[in-house]
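One chain comes next, on its own, written as structure tokens: the form predicted alone.
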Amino acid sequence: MSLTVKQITDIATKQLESCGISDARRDSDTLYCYMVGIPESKMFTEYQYTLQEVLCDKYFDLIDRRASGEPLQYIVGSTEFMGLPFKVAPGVLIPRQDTETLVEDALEVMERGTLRRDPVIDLKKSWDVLDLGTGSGAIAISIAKIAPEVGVKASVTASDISKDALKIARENARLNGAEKMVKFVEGDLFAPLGGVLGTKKFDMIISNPPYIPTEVIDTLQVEVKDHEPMMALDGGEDGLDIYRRIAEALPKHLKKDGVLMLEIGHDQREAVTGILKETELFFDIRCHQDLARKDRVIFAVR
């Protein structure tokens, strides 16, 4: 039996909706475009065409994977972040729009010395930036690529404990022409910066660490809790383990007048700012919201 593209995508949309997929129509269209290798901008012109049975079967195999909770980004193998393409795969956290807010704020600080148009630091000629827990490399690569476009000289280092994540991150650097712009190092947080680099301090340390409390993990969407890497999600009993570890190591790795920028959970503002205040390292600590008006970005100056 042959069906038109409009018919099969309508059937697929209803299937995804019945499984609780919030963007069912978008996902059904995206998976069709992925299967036949066309840009999503051409989807509207496809609806009239008839699809042969073998392709119908292939398409519904993809839909079944999505209906089971497998993230769309893992199925198609890519996503977009800060207008740049990034490969993603199981074992690597999928970059999210919330984190774009963190990167946009960091770039403003580097370019203008302002944060949300409020002066916060003196301008610097160049920036040594460290991205902790880089995952797919989204933060590090975006800063390395965009900073020169706005007149900022940036040297970017990115660390991660996961070999799988670093493999994807290096592929993403090559994909975006940034393989010579980012230095990737393997290890737990600051661990790979020991030895010769142990005395190196950075102008900016930026991170989107795991911050979900352990007991909350089981309440997350299936596509998150059952598919994305636990080490990139689980922040310990109260979700703050990695923030504490970062704060403890900052004296060795953040320059005077250096900037710390962290993504946080929407209800962690007081807890994370409290951890930073206890270090007595910072003279300016503030929190800003994302596009959904939820607390998301912690900014601090040593």
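Fair warning: this is a prediction, and the values are worked out from it, not measured in the lab. Numbers follow the displayed sequence, beginning with 1.
Separately, the form predicted together with glutamine (GLN) exists; it is not shown, and the next lines address it.
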4.5 Å heavy atom contact, Tyr211 to glutamine (GLN) in the predicted bound form: yes
Partner proximity in the predicted bound form: His227 to glutamine (GLN), non-hydrogen atom cutoff 4.5 Å: no
Residue contact check: Leu93 to glutamine (GLN) in the predicted bound form, 4.5 Å heavy atom: yes
4.5 Å heavy atom contact, Glu263 to glutamine (GLN) in the predicted bound form: yes
Residue stretch of 65 to 73, 51 to 59, 229 to 237, 32 to 40 approaching glutamine (GLN) in the predicted bound form, non-hydrogen atom distance within 4.5 Å: 229 to 237
Glutamine (GLN) in the predicted bound form - contacting residues of 124 to 161, heavy atom within 4.5 Å: none
